[in-house]
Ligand SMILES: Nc1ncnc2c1ncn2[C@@H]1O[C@H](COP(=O)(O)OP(=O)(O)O)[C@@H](O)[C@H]1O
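Only one chain is shown below, in structure tokens, and it's the form predicted alone.
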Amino acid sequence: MNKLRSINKYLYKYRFRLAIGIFFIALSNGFGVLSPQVVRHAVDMITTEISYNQYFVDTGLETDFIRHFGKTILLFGLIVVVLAIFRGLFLFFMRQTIIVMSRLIEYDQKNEIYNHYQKLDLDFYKRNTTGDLMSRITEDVSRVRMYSGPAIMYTINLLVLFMLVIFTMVRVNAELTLYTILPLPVLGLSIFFVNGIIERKSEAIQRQLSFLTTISQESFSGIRVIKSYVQERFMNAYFSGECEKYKMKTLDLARVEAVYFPIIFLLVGLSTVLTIFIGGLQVIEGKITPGNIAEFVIYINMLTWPIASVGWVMALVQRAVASQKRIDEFLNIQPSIAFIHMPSSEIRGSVEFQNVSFTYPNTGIQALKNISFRVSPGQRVAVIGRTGSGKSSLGQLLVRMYDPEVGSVLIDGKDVRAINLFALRRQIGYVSQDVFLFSDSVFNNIAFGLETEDVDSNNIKEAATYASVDRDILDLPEKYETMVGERGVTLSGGQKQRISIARALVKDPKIVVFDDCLSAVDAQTEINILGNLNEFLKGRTTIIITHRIFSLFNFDTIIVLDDGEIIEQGTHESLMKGQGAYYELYEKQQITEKAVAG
């Protein structure tokens, strides 16, 4: 239960609802305990009346006696019905308080997990699969809800009912009560023994379920690759094999849980037999009445479901323990990118890297080695290099997706780690090479980085024009309101890249970082985009990360990277005169373009 302590803050938050729920449980069980007492009086009355009936046979009072007898039985029946109605009414209120409380806790916990996910850094998402993340926020939270709702409700109900019933039974006859509850310690020992087994098996089931979710998510996201390589049969077999493992684990758990109910009903049946046998002897001795036996049998049956639910409740608790443990594993992870609570401030646009070295924590690959350069406000810089040379790492460090191991990244002379993180990212237009569009309209995808009150259709269309995607959008069936599908599946690669560019431009950023964002467009579209961007980027600090050379742009500085190090730096003219790596790259590109044009 220590592993469920993190739920206590929610129980405290809804403590008044929980307290009211407990009050309704007590009222419901109070009316429930009264019913067997009514039955006891009815049985005793019937027994007595039957013995008196012989004195009214063949007399004129026999009919009146039978009528009076019927009215009395009817009265007892009506009392039982009224008690049952009140008990049912308070049972309804009990569920409306405690079960609703569990739904509110589920809502709060899902929001807490989702908000925590948003704070975690990119390295976390590289180390964990989407399916596992989804499983913890859905399946695991649902299992914890079963603890905070049904498990708590039935446990409190059992305790309250047990105390009321035992107290009432002891008042009637302590000896008979002792024989009645004699089998219950065996039940407690059985539960204690099985608990550990259930917890271990529940954890294994949840891990397998997360893996199944991951397989499903990857299969659906990569369905084009699966179909292209005709791997449907293989994927079906693979998924079926993992489903078989999940089935075997759940069946194994079900076999363990199945032990509970036969034992419980066996022990309840034994209690009933002991009650009738011992009670019958005491009736003969005159210690109790036949109505007491009926009362005790009803009490035993009243305890049957609560006692039978002990196994089910313990299974819920053990599953909740396993799930909450998995949830806490993520909630206890602290983001490596620390958020500094500082007032937001406008940035002018100067960028400086001072002796920056960086190694990706998830792979151990050193991406940058002692990088230093400076960009003044409004300048344009191109970062050129082969694949794997460390170009993209510069952009990710600038927007603090990662922090450098050594050195500092400065904006306006201030370390980015000392700048309000949200303000920093709002003022940088960053276009990643990994284009991602949400399953929403084109309009909402472009406006994604804006606050609701800042969204303006004219600005959206202007940004789309600068990104040379406005005409493509107008050709779509519903223009800007066209739904792009999951990850923009209805659009071409070039259209998705240009929409992502428009999304960065509409923020009116002070610093713009383009990370190889024109790889999927044709030569003419590239010329159009660069022509439009020339005008938009005036006065803005611009860093273009690419493996190609854009001759249409007049860069103030060109940085050539290789194996994480700056091997050349200067203007286009100075680098061409040096006839080094940049010169070779430019010459190869010219030959390739001429060959394509020819």
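Residue indices: 1-based, along the sequence shown. A quick note: this is a predicted structure, and the numbers were derived from the prediction, not measured.
Omitted here: the form predicted together with this ligand. The next part is about that form.
Could you tell me which of 245 to 253, 98 to 106, 81 to 89, 356 to 364 sits within 4.5 Å of this ligand in the predicted bound form, going by non-hydrogen atoms? Answer to the contact question: 356 to 364.
So in the predicted bound form, is this ligand close enough to residue 387 to count as touching (4.5 Å, heavy atoms)? Residue 387: yes, in contact with this ligand in the predicted bound form.
Might residue 126 be said to contact this ligand in the predicted bound form, defining contact as any heavy atom within 4.5 Å? Yes, residue 126 sits close enough to this ligand in the predicted bound form that at least one of its heavy atoms falls within 4.5 Å.
is_contact(residue 402, this ligand) in the predicted bound form, heavy atom dist at most 4.5 Å: Because a heavy atom of residue 402 falls inside 4.5 Å of this ligand in the predicted bound form, the answer is yes.
Applying a 4.5 Å heavy atom distance criterion, does residue 393 contact this ligand in the predicted bound form? Flag for residue 393 set to yes.
Selected contact from 433, 465, 72, 217, since only one has a non-hydrogen atom within 4.5 angstroms of this ligand in the predicted bound form: For this set of options, the contacting one is 433.
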